[in-house]
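Heads up, the chain below is alone and in the form predicted on its own; it's given as structure tokens.
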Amino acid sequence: MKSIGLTGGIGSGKSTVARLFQKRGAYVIDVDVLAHLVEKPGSAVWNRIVECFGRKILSKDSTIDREALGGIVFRDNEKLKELNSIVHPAVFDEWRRRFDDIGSRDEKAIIISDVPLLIEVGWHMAVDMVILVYTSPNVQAERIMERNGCSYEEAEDRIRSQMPVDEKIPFADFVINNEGTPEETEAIVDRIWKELLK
């Protein structure tokens, strides 16, 4: 069994790369999906987030409005740390459960965990290898603006809330430059997948 951490800056195309690995036979655990799961209304994590940030960050259906919460934490590093201290332990526990479940069913599994803050929170120590999806900050900003319909300043706030992508390179076993065509990205994924199968 192999445990791979997949990371990169916001807007780098990690989800696209994760899908390409999944297509080739990898199991993918998306940590953002797990964060949504542990933040369900009424959960312990949801209660603590509401206590810290108030009901103004809730949608009409009581789910957490991630845009509203992001507008607060991406401008204030202390508030971001506070949010992470609430969410990350619960997400890690859920990730561990999923990981162990896959391992018990398939001892030859290649498990790719899509973790945006893999290096920032030290989870790179819990995996066998790290794959970094690389794009320049300018490309990140363009993609974030297109995806989220936000301003350049808001996109920059989100990029600045993470470790600069160039500083993540020394932690990576493989780097996927995702600024080219989809075909070029797919060719890099193919090459890495062959290495992972060895």
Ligand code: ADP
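Numbers for residues come from their place in the sequence shown, where the first is 1. Here the structure is a predicted model, which is why all the values come from computation and not from measurement.
Separately, the form predicted together with ligand ADP exists; it is not shown, and the next lines address it.
Interface residue remark: G25 is not counted as part of the site for ligand ADP in the model of the complex, having no heavy atom within 4.5 Å. Ligand ADP is not shown here, and in the model of the complex it never comes within 4.5 Å of any heavy atom of R66. In the model of the complex, ligand ADP lies within 4.5 Å of some heavy atom of R147. Using a 4.5 angstroms threshold between heavy atoms, I10 counts as touching ligand ADP in the model of the complex. R143 is the sole member of K168, R143, R48, R158 with a non-hydrogen atom lying within 4.5 angstroms of ligand ADP in the model of the complex. Residues are counted as partner-facing when one of their heavy atoms sits within 4.5 Å of ligand ADP in the model of the complex; in 159-186 these are N178, G180, T181, P182, T185, in sequence order.
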